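Two forms of a single protein chain come next, each set out by itself as structure tokens; they are called structure 1 and structure 2.
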Structure 1
Amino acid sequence: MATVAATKPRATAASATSRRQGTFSRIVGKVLFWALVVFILIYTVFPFLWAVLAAIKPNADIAATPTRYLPSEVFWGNLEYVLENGDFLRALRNSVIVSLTTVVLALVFGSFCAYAMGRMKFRGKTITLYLILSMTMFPAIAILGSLFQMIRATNLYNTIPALVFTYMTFTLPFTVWVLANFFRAMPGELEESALVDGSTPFQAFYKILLPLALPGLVTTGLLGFIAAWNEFLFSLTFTNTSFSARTVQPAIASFSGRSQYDEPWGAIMAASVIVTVPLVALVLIFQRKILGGLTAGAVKG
């Protein structure tokens, strides 16, 4: 009894001080938390904003010391220069062709394969699965030399098909992997009822399952498009000596002035913004689909 009576007030006193400390540390915690949120926002968004600002700054503002943050006037000269530059426009066109063709081919062949992997039983399925999975982690550099040799042997050097062909190494396995998970998650009844109604498995596939898989197709298509659009190593290496098939990434990488210390930053940033804005817009519009696809492709991988 005595011990209980003795400990009780001590306990309440302790909890009172801890409550006082609690509110103080909670305020500090809140301030730190929001400071961190603001910092992350600035850290992630500021560089892109900086590129946009540089694209519309007069050249004098870009190289001004001390750094000038806001443009003294809106200057369209660099954007105009880039959009009138034949090499850049050709690169832009090449990138669109290469990325779209790659995505369409990967989706067609990938959805076939994913349908079989996700909904059918067949001998050799496990080994196919492992093959595809190992391909998603494949380092492109490991096959750079032999791909280059194949491209030269087939006279595809400096051509668009060379890029479409090699871009399959990273778009196709990824497409198969994500879509197979998608098909597997679908209810089986729909397909079965179609089969009972007398349609062939292939009809059941493209009339019933494919439309249902549309969200998955959009997601993988977008991710594949972004990957192809951003690809650099293959494009740089396989279109090394000509602008005819060069895509935007090596074009931007090699955009340079008279010397290393005289980079035309205004034009480079203008070109960068033109190449990036559609991508950022796509990502922001489809962010839910992309978030789902990214984690499906990775976490389950």
Structure 2
Amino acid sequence: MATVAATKPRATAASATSRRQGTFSRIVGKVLFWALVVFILIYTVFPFLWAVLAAIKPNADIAATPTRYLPSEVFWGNLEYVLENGDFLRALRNSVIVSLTTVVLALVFGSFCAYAMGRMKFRGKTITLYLILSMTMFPAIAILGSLFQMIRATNLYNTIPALVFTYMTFTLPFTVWVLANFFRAMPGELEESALVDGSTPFQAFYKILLPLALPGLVTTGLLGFIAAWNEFLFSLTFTNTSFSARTVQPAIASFSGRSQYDEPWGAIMAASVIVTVPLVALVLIFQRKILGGLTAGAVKG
């Protein structure tokens, strides 16, 4: 009896020690988790915050040594310079036209091709899919020369259609690959029921399957828009001698200072903030569709 009574206090003490260790481990885990979250947040947000602060800094604050993180005064001259710059506003309009046109064409042609790849059976389908995927692996500089020859041969140089045509080279394959997974994951009974009810295959596609693929359409459309909006190399190459069709990225790179050795960092940062805000707004508006689009096609329905 004495031995049993002596064992109970030791067991109780060991249990209390184990609970304290478990509580301590949970606290340490939460602290490390939130520290990692704060680090990632600062790491991702700081560049954009720095651009915003630089956009409203006087030039003396931007060039100050040591670095001055906060502006000594709010200076709106950089934003006024950008918003009054006719070349920049024209380039901003061109970027909207080129990006939207590229996305619409990629979704229209890509959805038809993805439906065939995801729902139909034919010889060589797997090889074709991997060929489409391989087209997205080539760096832009590798195909720049051949595209330049094609654009010059078709008299599209220094035009907006030239940019739309070249942007489709990386937007369309990505769209087909992603949407094909969506259509493949949809239950076959949906299409069979529509066909039994008298629908044609095309009606079953755009009335039944296409609305169900809306998260994928939003995701691929938004990613394609961001890629076209941020593209620099093709726009600079195919509109090199004319500002009329130039998009916003090379337009920002062509900003000049008041003198030969003056680099207008304030104006560049202000323009960068202006062209980044629409992308941030689109992601915030469609964030649920984006999450659904990134996961819906990952599991067989």
Partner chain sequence: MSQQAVPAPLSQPTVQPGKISEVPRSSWAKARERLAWLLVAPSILIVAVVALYPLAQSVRLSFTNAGLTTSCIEDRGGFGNARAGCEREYVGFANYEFLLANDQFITAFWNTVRFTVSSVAIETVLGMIVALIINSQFKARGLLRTAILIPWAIPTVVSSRLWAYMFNDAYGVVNDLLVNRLPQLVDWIPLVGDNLAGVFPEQKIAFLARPEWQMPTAIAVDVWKTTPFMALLLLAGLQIIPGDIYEASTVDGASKWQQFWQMTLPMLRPALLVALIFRTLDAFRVFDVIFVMFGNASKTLTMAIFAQQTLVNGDRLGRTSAASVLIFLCIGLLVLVYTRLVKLEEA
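For the two forms, the rigid core is made up of the largest set of C-alpha atoms that agree within 1.5 Å on superposition. Structure 1 provides the reference sequence; residues are numbered from 1 along it. Since this is a predicted model, take the numbers as computed values, not measurements.
Note: the form predicted on its own is the second of the two, structure 2.
Core-superposed comparison between structure 1 and structure 2: the CA of P250 stays below a 2 Å shift.
Comparing the forms between structure 1 and structure 2 on their rigid core, the Cα displacement of W50 stays under 2 Å. For N240, the Cα coordinates differ by under 2 angstroms between structure 1 and structure 2 after the core has been superposed. Aligning the rigid core between structure 1 and structure 2 leaves the CA of L36 offset by 5.1 Å.
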